[in-house]
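As structure tokens, one chain now follows by itself in the form predicted on its own.
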């Protein structure tokens, strides 16, 4: 690795990752400041990095990470570069936890006092970030991307920056959770419910909630999980999780704000 690269250490889902920034010196310092702010809630606990990501502001797009790096984020445009970096950090965090945690493609909110949490499972671009941005300040923010939990259903927080599209701009911007009024829970978070999101923008009525039996829940969960096959007895694991949870449901809705009473029923009233 080039010794002139500037770097920042973070932890994503407990995986220590070193972010190496390659750019002109003044630009590199500015990028590091943006990364430090955006990732301020994913601070390192001092473990040596086990993954290395190269973040390279460049017109000359490469195909593969250089030797010594586990991932590459490269783009000529800074907002796009930072968005790609977030995607690569998530990828490295998931790879680092394969076979260790059950990981769902989901947003997570928790009650700030009890730690009771709900995972909102959905494919990318279907409402998880908007839900966290809209309702997260009323509870506690765990993640808008990956809910990872151990065998006791305790969630590993992943309070990553949120990709927010600003009006009249083409790119999404990586926004620090604190800039949106989001805070992490001060107590350990434990999963109590899973909700599959189905947002229909033209939905005008009240939310529609359907509780899912175990087979239907497994069918829905499997494609929205990461490295499930690396866990022992994965289908049994999902069935046992379903039995432990208070509720596993699918909800059809139009606007995120309409979910507030439903979330309050699941994990307790907002603060």
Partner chain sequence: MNYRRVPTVDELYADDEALILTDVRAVRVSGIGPKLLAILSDQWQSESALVAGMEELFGSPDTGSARDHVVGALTQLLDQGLVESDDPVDGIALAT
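Just so it is clear, the model here is predicted, and its values are computed rather than measured. Numbering follows the first chain given and starts at 1.
Missing here is the form predicted together with the partner chain; even so, the following discussion is about that form.
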Give a yes or no for residue 43: in the predicted complex, does one of its heavy atoms lie within 4.5 Å of a heavy atom belonging to the partner chain?
-> no
How about residue 244: is it within 4.5 Å of the partner chain in the predicted complex, going by heavy atoms?
-> no
Does any heavy atom of residue 235 come within 4.5 Å of a heavy atom of the partner chain in the predicted complex?
-> yes
Is there a heavy atom of residue 222 lying 4.5 Å or less from a heavy atom of the partner chain in the predicted complex?
-> yes
Which residue among 212, 209, 228, 32 has a heavy atom within 4.5 angstroms of the partner chain in the predicted complex?
-> 228
Heavy atoms within 4.5 Å of the partner chain in the predicted complex: which stretch among 200-208, 66-74, 235-243, 44-52?
-> 235-243
